[in-house]
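To begin, one chain is listed below as structure tokens, in the form predicted on its own.
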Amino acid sequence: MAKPKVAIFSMACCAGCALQIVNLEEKILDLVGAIDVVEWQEGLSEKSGGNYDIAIIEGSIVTEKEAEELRKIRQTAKIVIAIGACAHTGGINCLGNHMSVEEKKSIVYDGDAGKIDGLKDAIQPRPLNAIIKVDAVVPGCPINKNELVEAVKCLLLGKKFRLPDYPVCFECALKENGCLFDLDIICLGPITRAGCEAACPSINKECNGCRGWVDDPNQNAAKDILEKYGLSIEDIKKRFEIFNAYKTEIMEKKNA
């Protein structure tokens, strides 16, 4: 019986999430034993150009060329998995979306943007699901490598992959971490989806929401926390936009 064909693609990103696949170490042998990786910029020199059972994609879409490539992948892949904050929420690439593409080109390239071919079809950055249907998401910056393995296993078995729908605070409690708010550190753990094993708070680094919101955040509890520590919605919003500027942009357009 033929193994499922899997292709791994990188759009606009740092490639850190794809490197997490390499970091699977001994687990990558189990994964490769169950699938046939037919295309992967980080691991293979050749390109198959064929149909895929699963396409794993990292990075946000920042050019028309990438958008067209993404649509072609969707046409040839039975299942598409978005991995990492850039693919999931648009990530930090969307931070400048309050400006036009031309304004950003002018600032970054000091008027020389027209000389760079790769910028001629630049668009406002956006996550994968703004362009195509995505079947599953493995969030984070970078992803939790074990979560990716679980996602692939579930999808190969025809099961729905489900993300945790509770906040990072729950994982902090399980690890008996102290609350960062008590250290005067603003943390997005109360509204951010768990699954990272509270990686940042466990080393006294604030959660910046790289895994996106939980589906139904307890807004009243979040407001109580802000009031307790003398903070405002704007204090939280600035940090949330680091990885979720695209979602904020869409919400503001709906409310306009």
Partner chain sequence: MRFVSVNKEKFFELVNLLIKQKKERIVGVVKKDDDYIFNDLENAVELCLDYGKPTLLPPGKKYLLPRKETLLKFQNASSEIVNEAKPITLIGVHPYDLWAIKVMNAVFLSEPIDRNYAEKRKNMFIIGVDYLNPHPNSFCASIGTYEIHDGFDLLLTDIGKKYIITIDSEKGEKFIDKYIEFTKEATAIDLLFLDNAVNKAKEKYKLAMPLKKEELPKFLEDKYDNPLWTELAKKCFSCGKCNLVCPTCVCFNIEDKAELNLQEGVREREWHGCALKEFAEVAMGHNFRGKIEQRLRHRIYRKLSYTVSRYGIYGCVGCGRCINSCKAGIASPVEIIKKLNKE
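Owing to the predicted nature of the structure, the values given are computational and were not obtained by experimental measurement. Positions refer to the first chain, counted from 1.
What comes next is about the form predicted in complex with its partner chain, which does not appear here.
Flag this candidate site as yes only if Val62, Ile92 and Gly96 all have a heavy atom within 4.5 Å of its partner chain in the predicted bound form; otherwise mark no. No residue of the spot touches its partner chain in the predicted bound form.
Only one of Lys120, Lys78, Lys175, Lys72 has a non-hydrogen atom within 4.5 angstroms of its partner chain in the predicted bound form; which is it? By the 4.5 Å heavy-atom cutoff, the listed residue in contact is Lys175.
Within 4.5 Å of its partner chain in the predicted bound form, heavy atoms considered, which of Cys141, Val149, Ile186, Ala136? Contact check passes for Val149.
Quick one: is Phe181 in contact with its partner chain in the predicted bound form, heavy atoms, 4.5 Å cut-off? It does: once its partner chain is placed as it appears in the predicted bound form, Phe181 has a heavy atom within 4.5 Å of it.
Heavy atom to heavy atom, is Asp216 within 4.5 Å of its partner chain in the predicted bound form? Close contact exists here: in the predicted bound form, Asp216 approaches its partner chain to within 4.5 Å, heavy atoms only.
Does Cys169 reach its partner chain in the predicted bound form, with heavy atoms at most 4.5 Å apart? Residue-level check for Cys169: yes, a contact with its partner chain.
Should Glu197 be classed as touching its partner chain in the predicted bound form when contacts are defined as heavy atoms within 4.5 Å? Flag for Glu197 set to yes.
Region of this chain that lies against its partner chain in the predicted bound form, out of 99-107, 126-134, 149-157, 84-92 [heavy atom, 4.5 Å]: Checking each option against the 4.5 Å cut-off leaves 149-157.
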